[in-house]
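Below, in structure tokens: the form predicted alone, a single chain.
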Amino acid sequence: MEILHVSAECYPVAKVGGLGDVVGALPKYQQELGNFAKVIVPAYRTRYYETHEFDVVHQGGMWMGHGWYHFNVLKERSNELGFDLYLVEIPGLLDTPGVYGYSNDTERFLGFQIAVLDWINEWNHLPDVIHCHDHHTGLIPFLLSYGYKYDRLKEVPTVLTIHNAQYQGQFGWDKLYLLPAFDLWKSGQLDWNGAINPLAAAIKCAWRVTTVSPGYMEELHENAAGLEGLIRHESAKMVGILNGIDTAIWDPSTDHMLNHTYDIQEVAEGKAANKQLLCERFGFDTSLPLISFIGRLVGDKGADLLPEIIGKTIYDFPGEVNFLVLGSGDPHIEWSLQQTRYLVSHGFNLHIGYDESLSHLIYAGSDFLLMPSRVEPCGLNQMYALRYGTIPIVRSTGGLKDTVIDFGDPGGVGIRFVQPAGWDACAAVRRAVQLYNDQPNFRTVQQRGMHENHAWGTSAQRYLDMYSNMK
């Protein structure tokens, strides 16, 4: 099959969160299974764009409302990612250094989608599947079904994957004029709660809808940021497929970002060497358990709970545990964590921002990874942690519940807690410290986690099977 993935992110081209990791890995595994996978993303002015060579494979122009935009479709020459990578370049819209957060994000991603469809419309053949990721590409299934100039594409199957239903891309009906001409009798397909909602439109119009874990699919029926009724109505065409991880990149025995690589036979020595580097850098005692957090500092990730978790644990158990935080996001949460560091003299440090190399070192050198998420559609961090012998401490939600069994149960590889509250997370942290102090049991749980297989192979095949059944 020829599969075209359309996304706002793709690692290493542009990444903000797990969406980028998924789109950077799933097509590669689909390609390895004998298919022809392609990815198309906006041409942000990232380091990847500046350091790679591209060929112009298509040029076009489009009206978006009263504005005329020229666009180029660029193809990366080296094929180093294991699949064909295309970038959409739109001067004045998609020439920003960042991915999100601009006042004209609606226009930026609408222009991206129109350019993608105009390009496909010029092909002398049709792809077997167009796979759309999140709301940034959510208008594509609608425009394929009802857009006049895309009539020849109407029978191309479309798939929407919901990576996070909290973000839906809503905008007002005053911007309807920006869309290409379509059958206005079908305007209701765009509407949800009085606004144009790209995610809702995609759920209505896509041939199939997937979420990134079975657990998240179940949760969306009751908690989907206002889309619960629509999710339940369209449930017959929805399926949860657990994300995987790219085990070629995330492998402690070959990770080029580590000074000390290790495998499951050398896990104790390898992790000790990496922990030594972390502790020297952040001023920790290597003899104490190191609990880390990596991710966006936002409420969905439970990051606002971190000051309470860290402060209370260190106050109650001084000199017994270290905490390290890597991330950026909500300015108030960043400020709260910085204040916590000033108030806690020992046992806590943080790095505000994102550093890919440092994140690999933290996975390799930490004893535990804390994920107190309120919402976690799948979660990849816990899978990375398991592969690196770092025991995850997770809230029982979404994909975390699907991938982490509590060590108190048979086959357990981590620590789970239920409530999105500081007191419950603190109780889980205390269990982690107790487990660390019982080194034989700690090593057993650690090695059991490293034996877990979360590679993309099985999940990639499930997507292929789904595509085949849509015909």
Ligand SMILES: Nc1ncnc2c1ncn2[C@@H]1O[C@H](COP(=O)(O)OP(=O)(O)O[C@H]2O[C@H](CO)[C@@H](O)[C@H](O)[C@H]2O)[C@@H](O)[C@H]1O
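A residue's number is simply how far along the shown sequence it sits, counting from 1. All values derive from a computational prediction rather than experimental measurement.
One more form of this protein should be noted, the form predicted in complex with the named molecule, which is absent from this view; the next part is about it.
A.B. asks: Looking at heavy atoms inside 4.5 Å, which stretch does the named molecule contact in the model of the complex, given the options 256 to 264, 304 to 312, 172 to 180, 378 to 386?
C.D. replies: Stretch 378 to 386 is the one.
A.B. asks: By the heavy atom within 4.5 Å rule, which residue out of V212, V129, A364, I393 makes contact with the named molecule in the model of the complex?
C.D. replies: Flagged contact: V212.
A.B. asks: Which residue, L74, V159, V156, L326, has a heavy atom that falls within 4.5 Å of the named molecule in the model of the complex?
C.D. replies: Looking at L74, V159, V156, L326 one by one, just L326 meets the 4.5 Å heavy-atom criterion.
A.B. asks: Taking heavy atoms only, is W250 within 4.5 angstroms of the named molecule in the model of the complex?
C.D. replies: Residue-level check for W250: yes, a contact with the named molecule.
A.B. asks: Is N243 one of the residues lying within 4.5 Å of the named molecule in the model of the complex, judged by heavy atom distances?
C.D. replies: Flag for N243 set to yes.
A.B. asks: Under a 4.5 Å heavy atom criterion, is D355 part of the interface with the named molecule in the model of the complex?
C.D. replies: Taking the distances in the model of the complex, the answer for D355 is yes, it comes within 4.5 Å of the named molecule.
A.B. asks: How about Q189: is it within 4.5 Å of the named molecule in the model of the complex, going by heavy atoms?
C.D. replies: Looking in the model of the complex, residue contacts with the named molecule do not include Q189, since no heavy atom lies within 4.5 Å.
A.B. asks: Heavy atom within 4.5 Å of the named molecule in the model of the complex: which residues of 159 to 176 meet that condition, in order?
C.D. replies: Counting only heavy atoms within 4.5 Å of the named molecule in the model of the complex, the contacting residues of 159 to 176 are H163, N164.
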